[in-house]
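In structure tokens, one chain follows: the form predicted alone.
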């Protein structure tokens, strides 16, 4: 009788340990990381393009985030919020790159400010690669943008006194790619590594924008005659 009782207690402790182990494994599989991208973005030294540009950051752009729910794969899930950093970065680059920049926030801004065109950036895709089975914290991030230049009249909805992008027809539209990775494996945490990779990707996007903008079809014609963009 005593022997059976001891066996029962032993089995109970084993079951508890097994249950604890399973719980830890489930929790590990469901672990998530959240990154709000932050970084420093120096002002580029360039000769400004002699045009006046309105810049429109959509709400989707301002709130952009990469969400990867990896619980089904038994991996760490990620939520990487890039929106604030996107706005900060491009708000630094555009005023340095163009002679005059107005940030368009409302229908009233379009009515008030005289700009040659409105530039609308959009994050089309973000992908990342992580080291799954090593302690080497080298992360990679790829970003793809779609950028559009449109005449202000194209996005004015007079009837509703609002901005509408539904039927706009840009006179210049082009993709822009960017890539970033952590330059060192000796980061304090996974979150720091992902943050730095995102910052490097943004800086790469800026460099690509500066070097490719004047080669975009339709851009040079617009710069020579901004009042007659087609």
Partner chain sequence: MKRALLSVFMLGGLLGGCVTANVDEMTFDAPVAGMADGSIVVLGRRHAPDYDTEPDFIDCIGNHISRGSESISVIPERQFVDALYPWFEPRTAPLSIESVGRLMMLPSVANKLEDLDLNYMIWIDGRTQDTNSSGSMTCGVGPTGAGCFGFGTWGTESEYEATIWNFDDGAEVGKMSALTSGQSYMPAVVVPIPIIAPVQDTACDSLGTQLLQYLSAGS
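Residue numbers count along the first chain shown, from 1. Here the structure is a predicted model, which means the values were calculated and not measured.
Below: the form predicted in complex with its partner chain, not depicted.
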Hey, in the predicted complex, is residue 220 touching its partner chain, heavy atoms inside 4.5 Å? no
Applying a 4.5 Å heavy atom distance criterion, does residue 52 contact its partner chain in the predicted complex? no
Using a 4.5 Å heavy atom cut-off, state whether residue 89 contacts its partner chain in the predicted complex. yes
Just checking whether residue 207 would be counted as a contact of its partner chain in the predicted complex - the rule being heavy atoms within 4.5 angstroms. yes
Partner-contacting position among 147, 93, 102, 156 - heavy atom within 4.5 Å of its partner chain in the predicted complex: 93
Listed residue that, although its partner chain is not shown, lies within 4.5 Å of it in the predicted complex (heavy atoms), from 163, 178, 172, 193: 178
